[in-house]
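In the form predicted alone, a lone chain appears below as structure tokens.
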Amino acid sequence: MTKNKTVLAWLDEMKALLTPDNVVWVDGTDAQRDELRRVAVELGELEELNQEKLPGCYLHRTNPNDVARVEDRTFICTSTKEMAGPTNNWCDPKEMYEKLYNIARGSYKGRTMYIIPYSMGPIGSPLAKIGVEITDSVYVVLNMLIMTRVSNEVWDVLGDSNDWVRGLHSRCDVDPEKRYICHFPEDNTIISVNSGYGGNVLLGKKCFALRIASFQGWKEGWMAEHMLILGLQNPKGEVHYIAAAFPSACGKTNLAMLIPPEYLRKKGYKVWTVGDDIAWMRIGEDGRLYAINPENGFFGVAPGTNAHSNFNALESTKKNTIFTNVALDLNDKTVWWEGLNKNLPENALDWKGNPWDPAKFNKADKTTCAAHPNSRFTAPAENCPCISDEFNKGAGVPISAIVFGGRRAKYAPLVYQSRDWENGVFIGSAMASETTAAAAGAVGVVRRDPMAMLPFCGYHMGDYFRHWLEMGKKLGDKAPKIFNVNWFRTDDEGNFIWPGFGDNMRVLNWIIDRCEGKATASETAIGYVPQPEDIDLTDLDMDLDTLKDILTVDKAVWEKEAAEIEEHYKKFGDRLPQELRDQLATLKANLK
């Protein structure tokens, strides 16, 4: 409980609006969590799995109309449309509050209101922020207990402050026509109605950690980014930290939990996971950029996760995990999804709870899958075998390098370094990925996703780019070096040339060596590219000529790229910083 007047006033307003039958204050204790699990099973929101094989693990199925984030129903509600910018859906706050309150009014009747106090980041950390979410879903409460730090200590840290994010979630009728996920950055408020899917209702996730926090960081002088954080330990025991941003389907979680190849493991190299999805970064007292992972768990995509693709992620799901929309193997009450292994379960229920016939399974037809393609696991970060010792410390880790990346078949070299921070912001602002066969629509279509933040930036992206530039000026010569990677160059038959996965460590080593001034590079039209000899190919089935090929910069391809970047920039109008226009002009000149 709290005596904070701003919290209590808001809760009184919400109770009057929603009219719950009961109110439960969530305290984060094991005893209450166990009771909530029992209630969830009783209500049919969760199904208990085999507690010997998967202790503390449960299965949840969402409504089939509610299986993913809904970007067309996601709004940034600022006082002016210009503030939200051209990449966000906008609505006037007054109009949207009225609409949402009318939808939510009385929706908790016959239900319980759960009040969740949570900290994004270690409780009490100077880099952390506090939120309060109310929900009528036990599933949401149990997921928030995994994904955030929920405790009565949060109230102690908050004290009388009004610096906290209000979050209202109501399942209502799970009606897709009345589904809205709305953010009011100027009010520190999030409202989600008519959804039960994690990405729309775990309001600490993308809603707070990126859309609201990016706005807060803009106003307060820090950064909320869609980035993994990893620590790379060399044989001397020294650890350097990297923050990296990738659009979806580019191996972000795999990189965050990378296992070095055997040759480098034997030499003593290790990777430590600080975060797999979000980084909050502030300038420290020593002038360097420090990052925390504001989350406390992993909200991972299940299909394709296996012992080979991401051993550490799979290990993280072995206890106290909630699986959503995966298949249930009835033989031993465990879970299964496409890509977990090749042993198709003979006696299973699909993600909708219907009997599944493996004989009808067709890999190319998603409607025959046992698990939904966007099925998820919510797993405690502490389960991860390579979780960093710094994860819970709250001081943040100093970032040596920022890495951008995308899936490009022919254009980007394996790795290159920006000339400076400003050039690095240009590289991030033009980030793009090509669609794959797994995505809807045509294959190979280029989609721009600046800093991997396109769906998550809570204000005008032109102002967001300017904020990046201003942060660079504050950091000065202590700014992290900025790089771009592309694990996805292909040969003429469409086969990937670089092996990826653990072997990406070889590229990360060059990146750290560049930050330390230990590795050479060649200047090209786009930035600094490694000397092929500086990428360690020991024990790798690749010759130097092949490596040279994926480090080349094709000027003809890049001239086309420059023209596409120019078109991309037009949407930001006069809010696009002049520095980025100048960077584009420099690129064009370098290509001539």
Ligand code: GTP
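Heads up, when I say rigid core I mean the largest set of C-alphas that superpose within 1.5 Å between the two forms. If you're wondering where the values come from, they're calculated on a predicted model, not measured in any experiment. So that there is no doubt, residue numbering starts at 1 and follows the sequence shown.
Here the subject shifts to the form predicted together with the named molecule, a form of this protein not shown in this document.
Worksheet item: Pick from R149, K481, R179, K206: which has a non-hydrogen atom within 4.5 Å of the named molecule in the predicted bound form?
Response: Result of the distance check: K206.
Worksheet item: Though the named molecule is not shown, can you say which of G106, P358, G221, G500 has a heavy atom within 4.5 Å of it in the predicted bound form?
Response: Contact with the named molecule in the predicted bound form is made by G500 alone.
Item to complete: Work out which of the listed stretches, 319 to 327, 350 to 358, 156 to 164, 242 to 250, brings a heavy atom within 4.5 angstroms of the named molecule in the predicted bound form.
Response: Selected stretch: 242 to 250.
Fill in: Close approach of E133 to the named molecule in the predicted bound form, 4.5 Å, heavy atom
Answer no; every heavy atom of E133 is more than 4.5 Å from the named molecule in the predicted bound form.
Item to complete: Verify the contact flag for H169: yes if a non-hydrogen atom of it lies within 4.5 Å of a non-hydrogen atom of the named molecule in the predicted bound form, no if not.
Response: Contact check for H169: no, nothing within 4.5 Å of the named molecule in the predicted bound form.
Discussion item. Even though the partner isn't displayed, in the predicted bound form is H226 close enough to the named molecule, meaning a heavy atom within 4.5 Å?
Written reply: Heavy-atom contact with the named molecule at 4.5 Å: present for H226.
Worksheet entry | Partner proximity in the predicted bound form: P303 to the named molecule, non-hydrogen atom cutoff 4.5 Å | Looking in the predicted bound form, residue contacts with the named molecule include P303, since a heavy atom lies within 4.5 Å.
Discussion item. The named molecule is absent from this chain, but in the predicted bound form, do W272, E390 and F404 each have a non-hydrogen atom within 4.5 Å of it?
Written reply: Not one of the three qualifies.
Worksheet entry | Sequence-ordered residues of 485 to 502 touching the named molecule in the predicted bound form, heavy atom within 4.5 Å | Heavy-atom contacts to the named molecule in the predicted bound form: W487, F488, F496, G500, F501.
Worksheet item: After the core is overlaid between the shown form and the other one, has the C-alpha of H460 moved by 2 angstroms or more?
Response: Shift at H460: below 2 Å after core fit.
Worksheet entry | Core-aligned CA displacement of C172 at least 2 Å between the shown form and the other one | Superposed on the core, C172 moves its C-alpha less than 2 Å between the shown form and the other one.
Worksheet item: By the 2 angstroms cut-off, has the C-alpha of L228 moved between the shown form and the other one once the rigid core is superposed?
Response: No.
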